[in-house]
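The chain below stands alone, shown as structure tokens; this is the form predicted on its own.
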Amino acid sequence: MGAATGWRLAARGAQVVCFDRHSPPHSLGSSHGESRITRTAYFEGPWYVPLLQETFPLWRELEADTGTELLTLTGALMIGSPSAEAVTGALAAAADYGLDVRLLKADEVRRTYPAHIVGNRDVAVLDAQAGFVRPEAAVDAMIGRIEALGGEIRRGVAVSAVNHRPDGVEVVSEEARETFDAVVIAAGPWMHELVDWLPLTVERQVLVWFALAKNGASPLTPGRFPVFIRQADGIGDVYGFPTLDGASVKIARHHAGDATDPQHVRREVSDGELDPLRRYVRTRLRGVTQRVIRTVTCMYTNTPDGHFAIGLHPEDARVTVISACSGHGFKFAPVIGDIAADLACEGHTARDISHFSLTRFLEPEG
């Protein structure tokens, strides 16, 4: 979100300085792991749909400006029982906005997407405007645009405080104290260090790549296997991707991790964490073995209600707070970056961000 904000601010002609405690793109936060799902029939809430629709041309703009392949459209399947939230919510969002979706019964899923093993009562919603984004490449491309437009990236510099001063906003780091006209805080898992009144929790997540079976042509290629989200009894929400290397597929559970300290994340993955996903590929996917090729950990920064935190700081309108995207934010990066640019430059945005208001976390006076 910080890289996206810097890109969108620099594109408007703003003088941009970005601080990062590491050297992005990196694998120490929340924006890595080779692939991130993007979709339009958003079961988390229909108010997300207009923002999602804005992201697709912005991703294409970034691709054109940098000569980088970032967005691949595969479609997306939301699989579950007819009453599953992923199914009902996707259909509701599609109905509200006239989206291109199809409701598939179990026999249609088996016939069209034979890699999925489904029960007779299962259904799937096929969202046509969906696919995946490459997060490391996207962050690198955004940073490239910031620098090409005259912006500055401060790598390996941790910000310890953001102070409200009469003459501007002071940013304190181990290198210096500097004053700026406006500041955007997009610190992800480290947000609590700078905005301590936000009630956030940080959750460790495990991503796993399983080997494909070696039995002929794979049906799990991007052209034949949409990204998917499945709400499965006994395992929870599982999501996955087509193969990007011809040898493995990435599978993960959504919101099944332990609380963690972003400074001391356990990077090793235990058999106990792998077992549910091994059971998933054994019982619900064809053409995938239980052999683990590699694992990666990342972090979700969660709000209590699972929706984003975006807005002007209640004590200083020169400070914008974004991020805390509860594990489903990367796909929104270009438009959230543009919203942050609106707030930083204009003090308001025309987009509807009422569901993401920071004030919903504040104690009412009296």
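Residue numbers here begin at 1 and follow the sequence given. Predicted model, so just to flag it, every value in this text is computed and none were measured.
The form predicted in complex with a small molecule is left out here; the points below concern that form.
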item	value
Stretch from 36 to 44, 337 to 345, 313 to 321, 65 to 73 whose residues place a heavy atom within 4.5 Å of the small molecule in the predicted bound form	36 to 44
4.5 Å heavy atom contact, H307 to the small molecule in the predicted bound form	no
Partner contact for F19 in the predicted bound form: the small molecule, 4.5 angstroms, heavy atom	yes
Partner proximity in the predicted bound form: Q205 to the small molecule, non-hydrogen atom cutoff 4.5 Å	yes
Contact flag, P50 vs the small molecule in the predicted bound form, heavy atom cut 4.5 Å	no
4.5 Å heavy atom contact with the small molecule in the predicted bound form for all of V159, A187 and E193	yes
